[in-house]
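Form predicted on its own, single chain, as structure tokens, below.
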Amino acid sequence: MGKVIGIDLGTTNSVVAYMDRLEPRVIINEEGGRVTPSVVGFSKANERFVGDIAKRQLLINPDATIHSVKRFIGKRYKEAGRDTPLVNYEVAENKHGDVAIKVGERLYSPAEISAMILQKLRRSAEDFLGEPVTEAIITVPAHFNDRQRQATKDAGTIAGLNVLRIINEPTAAALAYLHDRRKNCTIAVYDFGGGTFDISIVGIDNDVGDVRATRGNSALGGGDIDRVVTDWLLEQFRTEHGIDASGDKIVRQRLRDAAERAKIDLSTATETEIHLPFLTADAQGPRHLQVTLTRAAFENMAGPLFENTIDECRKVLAESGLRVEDIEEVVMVGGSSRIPRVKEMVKEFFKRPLNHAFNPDEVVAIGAAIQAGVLEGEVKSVTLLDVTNLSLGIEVEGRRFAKLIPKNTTIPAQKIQMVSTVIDDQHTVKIHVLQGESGTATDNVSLGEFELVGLESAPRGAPRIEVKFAVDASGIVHVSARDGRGVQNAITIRAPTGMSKLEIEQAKSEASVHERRREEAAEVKDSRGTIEKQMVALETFLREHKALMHKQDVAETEQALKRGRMALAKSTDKANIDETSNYLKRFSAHLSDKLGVAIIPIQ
């Protein structure tokens, strides 16, 4: 078995790490960075770009540049309304009723887009480690429901990864803390990322961490802060020029980019200048935007979002049965946790020191790598017990929700519930699996349903049907049912992710084909680069020694250069390029030996 990697698949940025003996290490990507933007770009020729190169395309081609896809993964289309204002690309509905991302005429599921990001991270890991990588731990927000977790696992499968475990992001951060500290205490993990917010209370006793309670908000992150500032900039532009530019996607993207930079600047400065020349134009000519944003004004407009995180902190304490005084330390995670006002509010609420010992952008991936080390057997000194983030149960008579596994139950968990028929001589029972906290079934998330058929004729209430719920260590739900005669049926909740097993396999095959084409294109590019270096060396040699060369040698050199140019013109014909490269290498060696002067290609 090769190395198991830990992946923080973030809304804004992603990070991959591994265990180097007993120490977690962040993997450097192909561009030399520790963090990879979670952005996928498509060219007009349907070429894919992932990471920094895709992020650079955002300002000029927002329709075909996909970011923040984590906000949509595993969601029904009807649930996506509050997230669509954060993006400029088209969000559509697929045949399953789930969110789809439209690029040109093609619909991609969020899992497919996420798989492209995971492929990039996997490739970076393989290049860095020098060996194939096929297994991974992937983190998700603590509040992700079963459908979102399964869709994330599907993304890993499409990317060619065997996802050994899905773990909660604050749980991963707590693992990093547990691995580093060895201190008995109760901590709060405050995770304010680019797209989501999580808060978890974790008790640490020797080498065991026990998650007491967790809460989250999927519509609360750095992107939402950027949207507030973007709307403010649009209003400033409308006030100054009388132009409503909110419908222009390129303008909105430029403003969103400026809003993000201003947010970052205000973490260290008390005010920042936002200057966007040629933002748009009208009959009077080009229109510019130049405004000053102070930290006080920024904190005022984003204040309600900051306060929402504190509300979640209050609720998670109540669910854990603990008081503020019981929390000894607060671990700050996520890029948005760097905002000065956020740090002040968290410190005021918990009245405890904030732990900034970890890089908030990397700590989740480091925790995932530690979990990978635990599964590999390299790390044996830490254990962390996670909990369910939402209650699980079934729909019963009267469209009520019967909870079988309550929220904040330690996982893995299992529960058996006896149910019965509601009408006489009923031969089929439909088991509708739900996740949520409302007592009304329709107000919760439907995870799927299946039927138990072949029941004997009997009065209502007579058949005794055993429904067995199980939640594995990844938080994924498995349900089975059987009657007293042994008639049974079972389901692993997966249909609601919007992708069948066949569709996942097709997407995986397509991803593999694209990866081979990318590798072939990279090989062609390398071969072209070799020819270009050989030609530069020959051209330099000809220019410097032409007066001393025989006419036939000059003619042969010019013919060799011509052959090189013709090969470069056929940029996709690798066989011709390789053949020409070998020819130039032989010709250069022959000419060098003949004239006694070395021809050395540039490196």
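The first residue of the shown sequence is 1; numbering continues from there. The structure displayed is predicted, hence computed values, not measured ones.
The same protein has a further form, the form predicted together with a small molecule, not shown here; the description that follows concerns it.
- Residue contact check for residue 335: one or more of its heavy atoms lie within 4.5 Å of the small molecule in the predicted bound form.
- Heavy atoms of residue 156 never reach within 4.5 Å of the small molecule in the predicted bound form, leaving it off the interface.
- Contact annotation for residue 123: none of its heavy atoms lies within 4.5 Å of the small molecule in the predicted bound form.
- Taking non-hydrogen atoms only, residue 504 never approaches the small molecule to within 4.5 angstroms in the predicted bound form.
- Contact check for 13, 260 and 267: all three have a heavy atom within 4.5 Å of the small molecule in the predicted bound form.
- Taking a 4.5 Å heavy atom cutoff to the small molecule in the predicted bound form, the contact residue among 373, 110, 223, 141 is 223.
- The partner is absent here, but in the predicted bound form a heavy atom of 339, alone among 405, 289, 511, 339, sits within 4.5 Å of the small molecule.
- Partner contacts here mean any heavy atom within 4.5 Å of the small molecule in the predicted bound form, and among 351 to 359, 312 to 320, 204 to 212, 187 to 195 they occur only in 187 to 195.
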